[in-house]
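One chain follows as structure tokens, the form predicted alone.
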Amino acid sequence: MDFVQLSENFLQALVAGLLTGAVYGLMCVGLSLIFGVMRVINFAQGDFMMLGMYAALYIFANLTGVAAPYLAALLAGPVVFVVGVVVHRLLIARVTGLRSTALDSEGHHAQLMLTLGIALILQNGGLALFGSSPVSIPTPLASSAWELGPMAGDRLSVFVNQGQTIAAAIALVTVGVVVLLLARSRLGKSLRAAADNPVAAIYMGIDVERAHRLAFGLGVAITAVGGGLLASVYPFQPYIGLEYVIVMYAGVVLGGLGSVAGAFLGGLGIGIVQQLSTLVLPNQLQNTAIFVVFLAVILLRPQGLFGRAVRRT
């Protein structure tokens, strides 16, 4: 294999990694929002993503046109937002916020067990409702590509998948909207206040429990949109959340816990590493490459690439 062929393979994998990583980054932003505001490790995040995939599938069945898969992915967000708000109000609120201080080890044990239980309920409920057969959202754009080139004397061309490009663009716009929402809006300021100092936020008239409920709903909704975008590219089934929750946590920790921008870049990096690893590893070992990079970053920079080190006293 000559240098031109190696270059083409590398560029092709890099482009695929950037497009896939943008959607991963969107999913990581949802998880980071929940942890940043609530300080809750949500093991059910991948299963809320799965709900977003199926919501997009059923919404897509009632839409027409080339843009239908992407509109369905966006509409899946509000559906899962409502589910997230209900789950928080009935369950998550019992072991988070100021109530968690009355529980053993500040409620962390209860939070872990509860979110794990919710994950199992969503997985098995999805299996009962949707069945075990893999499904996907069909779109002609997923099998179409733009050609960049030819280059290097007509010997090198890079193909950019049209469906993945549109999904990545939607992911970037969604992340931009989330960043503006957190930075400029009154809601964003209340979420940041509830994250920084819940007790002081209460004295300032902020309903911290409501802020946590909205953060949880927004977090799972953002991840659901990412899942809906992936549904037009990859087949899925009720247990797919377990595969992607690993990717999400790796991206969030790489970017730095509590950093929205860092979470997106961490997810982007995970996508690039995953796709570049296919040049030297079989597909079954892609996650191995992810965790080699993950462990290397944690060894050299425990707070993540964009996190801030905290001095403990």
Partner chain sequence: MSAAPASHAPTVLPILGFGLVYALLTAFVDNSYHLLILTVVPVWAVMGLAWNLFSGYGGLVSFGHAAFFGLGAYFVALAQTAWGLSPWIGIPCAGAIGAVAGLVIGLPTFRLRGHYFALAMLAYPLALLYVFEWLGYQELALPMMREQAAAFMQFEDHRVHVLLALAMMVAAMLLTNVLERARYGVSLTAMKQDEAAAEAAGIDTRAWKLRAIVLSAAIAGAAGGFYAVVLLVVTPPAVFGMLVSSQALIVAMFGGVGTVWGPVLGAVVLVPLSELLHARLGDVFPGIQGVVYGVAIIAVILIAPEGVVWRWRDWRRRRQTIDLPSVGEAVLRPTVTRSASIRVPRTTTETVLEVRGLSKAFGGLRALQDVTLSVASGEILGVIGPNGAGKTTFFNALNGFLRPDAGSVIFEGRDVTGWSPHRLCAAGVGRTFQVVRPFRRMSVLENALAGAFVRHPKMEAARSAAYAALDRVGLAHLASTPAGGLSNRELRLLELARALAGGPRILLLDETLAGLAAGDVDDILDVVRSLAADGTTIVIIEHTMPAMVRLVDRFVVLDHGAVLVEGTPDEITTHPAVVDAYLGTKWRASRAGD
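Between two forms, the rigid core is defined as the largest C-alpha subset superposing within 1.5 Å. Keep in mind the model is a prediction, meaning the values are calculated, not measured. Positions refer to the first chain, counted from 1.
What comes next is about the form predicted in complex with the partner chain, which does not appear here.
Student: In the model of the complex, does every one of His109, Ala128 and Leu299 come within 4.5 Å of the partner chain, counting any heavy atom?
Tutor: Result yes, every residue of the spot touches the partner chain.
Student: Of 56-64, 267-275, 22-30, 40-48, which is the one stretch near the partner chain in the model of the complex, taking non-hydrogen atoms within 4.5 angstroms as near?
Tutor: Only one stretch passes the 4.5 Å heavy-atom test: 40-48.
Student: Among Val178, Val160, Val95, Leu141, which has at least one heavy atom within 4.5 Å of the partner chain in the model of the complex?
Tutor: For this set of options, the contacting one is Val95.
Student: With the partner left out here, check for me: in the model of the complex, does some heavy atom of Gly117 sit within 4.5 Å of the partner chain?
Tutor: Flag for Gly117 set to yes.
Student: Is Leu285 near the partner chain? Define near as a heavy atom within 4.5 Å, in the model of the complex.
Tutor: Within the cut-off, so yes.
Student: Answer for Asp196 alone: is it within 4.5 Å of the partner chain in the model of the complex, judged on heavy atom distances?
Tutor: Flag for Asp196 set to no.
Student: Does any part of Phe10 reach within 4.5 Å of the partner chain in the model of the complex? Heavy atoms only, please.
Tutor: Residue-level check for Phe10: no, no contact with the partner chain.
Student: Tell me, please, whether between the shown form and the other one the C-alpha of Val293 is shifted by 2 Å or more, with the rigid core used for superposition.
Tutor: Yes: Val293 shifts by at least 2 Å between the shown form and the other one.
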